[in-house]
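Just one chain is shown here, as structure tokens, and it is the form predicted on its own.
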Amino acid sequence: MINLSYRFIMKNVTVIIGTKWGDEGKGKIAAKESKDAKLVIRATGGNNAGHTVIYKGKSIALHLIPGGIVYPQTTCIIGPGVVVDPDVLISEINLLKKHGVPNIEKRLKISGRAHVIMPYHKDLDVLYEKLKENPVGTTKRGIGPCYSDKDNRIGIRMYDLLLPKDAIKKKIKEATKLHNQNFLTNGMQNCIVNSDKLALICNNWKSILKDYITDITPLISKSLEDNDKIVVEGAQAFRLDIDHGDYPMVTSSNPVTAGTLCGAALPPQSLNMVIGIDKAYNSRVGNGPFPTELEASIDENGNVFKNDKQLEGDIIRELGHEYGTTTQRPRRCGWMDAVILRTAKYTCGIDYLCINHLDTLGKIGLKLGYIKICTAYNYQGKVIDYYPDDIGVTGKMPIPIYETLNGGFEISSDCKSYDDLPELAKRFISIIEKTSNIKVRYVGIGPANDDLIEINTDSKL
């Protein structure tokens, strides 16, 4: 008789989720949680995401491979929900090998179901942005068009790279019929796809990646049954989710918890904990709503506007080094919005928070003489405690209601616990917890992965 009791105790998955618009510092907590993990999975998005990992004191920038690869006991998976640029992936594999990260061939697995970002997807990305009256501000890395082909059922999957040349050529020809017409109509004849040449490129990718491409089902099943710790490294963030974010200024996948589990090929019953990541101030790359955004003399495209004094947004950007990991674009900056955190709690099922850049916030307070936290909105004549999803209909931006803390603070190098934090920093954390209704479990107090305080969430409140 089969013992089915394990179905009810598969609570071994930790999911790490961005709570705003990305760039919250998810890599720091992914590194922390992956130290004792068996599997580390990337589940959504493509190389429009980015994080930096530390291996033997050296920084390594990754965009597709999970950061948990630096821990020798892990098996790292690129899940079926990811779209993969093979050139970027090969470059990252070579980079990891160059830095001496061991056993990449054995420890990196790519789901054959993951879709491939082809060169024509990048050309389509440029075309679609050019044709829009209000461009999204994509990274132009072909992410959206690849997901579109996936939904149209004409996508090329990693499994397809394993096919004979004639078979992959036939698939490419079928997939690009309409795309080639678009290129021709819009004066982009040089982008028209030659299926023969592209099939040869696919064969080259196959020669390098064939041993990494696999059916990930047995790996995941065994880890679930053995109750191994599994960490899912989220990409992008809540407000960029295509269903739950600031549509249309969103990404092309579902980076909320439910979508992340699906993209990782994990069942909902396996979920143990969701850690939401945010910064002590907020930032955004690309267009879209940003209620607490502050005025700055440099916009995200690098355009400079003459001002007699340095503005709040400039100060936050410079002190926080707010330039995109992937794009290097200047980020839009503003105060902490704890109302969005409260909304994210229920959409993403967040159990605990990590607040990064607390040290930077202290410096901002010292520079400006104050720190602000958005604790509610004034919207349509009412005070509300949630992020409204009808902004596109009303044409109104929720107006932040701030709680202000006077002054700033410095976090000393010997700060090792919550009790060691300055009182103003503790007050800031308390306001976030009260507004969001989520306990803060981790606080980032510096740039390194180890610059992290873990808070005893049972005794602090």
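Being a predicted model, the structure only gives us computed values, none of them experimental. Each residue number is its position in the shown sequence, starting from 1.
Beyond the structure shown, there is the form predicted together with a small molecule, which is absent from this document and is the topic of what follows.
The small molecule in the predicted bound form is approached by G50, whose closest heavy atom lies within 4.5 angstroms of it. Although the partner is absent here, N254 sits far enough away that none of its heavy atoms falls within 4.5 Å of the small molecule in the predicted bound form.
Shown alone here, D359 lies within 4.5 Å of the small molecule in the predicted bound form, counting heavy atoms only. Contact check for R331: a heavy atom falls within 4.5 Å of the small molecule in the predicted bound form. Just one listed stretch, out of 33 to 41, 50 to 58, 405 to 413, 425 to 433, contacts the small molecule in the predicted bound form at the 4.5 Å heavy atom level, and that stretch is 50 to 58.
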